[in-house]
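Coming up is one lone chain in structure tokens, specifically the form predicted alone.
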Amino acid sequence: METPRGKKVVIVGGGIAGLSAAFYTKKIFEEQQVPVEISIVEKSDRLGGKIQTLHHEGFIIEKGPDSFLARKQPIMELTKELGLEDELVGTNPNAKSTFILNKGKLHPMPPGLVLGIPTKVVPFIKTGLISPLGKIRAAMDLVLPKRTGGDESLGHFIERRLGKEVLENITEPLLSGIYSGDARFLSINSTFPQFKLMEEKHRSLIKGIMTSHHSPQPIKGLPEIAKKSMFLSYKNGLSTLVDRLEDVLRPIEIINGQGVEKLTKCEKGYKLILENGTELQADGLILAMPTSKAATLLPGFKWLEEIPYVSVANIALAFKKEDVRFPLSGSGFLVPRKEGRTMTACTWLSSKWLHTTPSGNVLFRVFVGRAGSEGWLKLSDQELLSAVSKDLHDMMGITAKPFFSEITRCLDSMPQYPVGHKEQLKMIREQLGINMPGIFLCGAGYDGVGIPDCIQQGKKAAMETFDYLTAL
């Protein structure tokens, strides 16, 4: 009996999507006893992409994302498979409140809001974030007819159902924390398709949300900590996940500091030429890279270049506890676009994540940048620090200078899904399957920006690669 020839899979991109693709490719091929050789090619000198944890004198600071949703199954499954369940840590249960700046004053976000959609009547009536007329307009969702049809912008959808005030004062600042985007540009089908389904099923968005809250679907297999905290991280930061993936993936080939210069279709598979001239052969290829970078390797798929990316920055600021008089009775605050501030949000890390900060200190993480507001890119680090310090003084009365700061500029890091994104992406993948079979796309620019979304995409790409290669 002839021994089957081993398959060669190359994964371009060593962020969480690429690492997940490598992990599941290795796992699936091993389980099916099919020989496989895997290579990861990463342009930067480190793995993990946006995930990067800084440890500084007892502080744990995330330079990229700081957590993930506990209810998202893909990351919980991967955490379990990697043996990291004991490393999970949740948010401080006594810091549940989030504030929103409105006319220069911080207002607590009323409980029961889901992206601005009220599920509890009394707190919404009492909030100072929305005017009386704005509340009446939001309540009209209960009587407005439903609208069926294709994709539309999330901003248009929320304004159509709940009014302009809810969109600008609550939904838009909440969205900045997820997509750093303009709600009037982002596709609802690619961001919150469940809202569209609620309108179709219940007519009213408020009724739909309240119904789903009253009868939540149980999620099986979650550890106890995931039932107590909406957001989770790891005790030593999110890089724990990257480090463990890197450990379990070895001894597969990991090529750092090299991008792919050219991709050529061969009689069997593909040939990749790296920046240093190295050639790699691939039977199957997973591109886990920003869409514009993928477009340079895929002639004829120029639409991928048109997906815009927004640049953002996050700034960690450490103070002595006695220098911050403001009551940190929550997780932080959000800043609507119309407030005209430099910062878009501020997380009170020392209150939200108790494991991040040594005793006697206060740690903030300030966010800057969103779609249409990227003037900060022209500022020096010192100018940026001065601008956010002014915001903190005006909002929280802080006059002291931080004794430690860390500025992370994340250039072109946040993909913005335009209206029609999902439909266009489906066409792209169908064309790839015809013209360049064996190439699969995954990552934040495609089917979700969160860590769990990227893990799910990596796993799916691994499964598709296995199915393709074993069918040859």
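Computed from a predicted model, the values in this text were never measured in an experiment. Each residue number is its position in the shown sequence, starting from 1.
The next section is about a form of this same protein that is not shown, the form predicted together with a small molecule.
The listed set 289, 170, 154, 286 contains one residue whose heavy atoms approach the small molecule in the predicted complex to within 4.5 Å, identified as 289. Only one of 316, 183, 345, 312 lies close to the small molecule in the predicted complex, with a heavy atom inside 4.5 Å, and it is 312. Taking the partner from elsewhere, no residue among 53, 242 and 458 has a non-hydrogen atom within 4.5 angstroms of the small molecule in the predicted complex. Contact with the small molecule in the predicted complex, judged as any non-hydrogen atom within 4.5 angstroms, is confined among 82 to 90, 336 to 344, 257 to 265, 377 to 385 to 257 to 265. Shown alone here, residue 12 lies within 4.5 Å of the small molecule in the predicted complex, counting heavy atoms only.
Though the partner is left out of this view, residue 135 does not reach within 4.5 Å of the small molecule in the predicted complex, counting heavy atoms only. By the criterion of a heavy atom within 4.5 Å, residue 66 is counted among the residues contacting the small molecule in the predicted complex.
Among heavy atoms of residue 419, none comes within 4.5 Å of the small molecule in the predicted complex.
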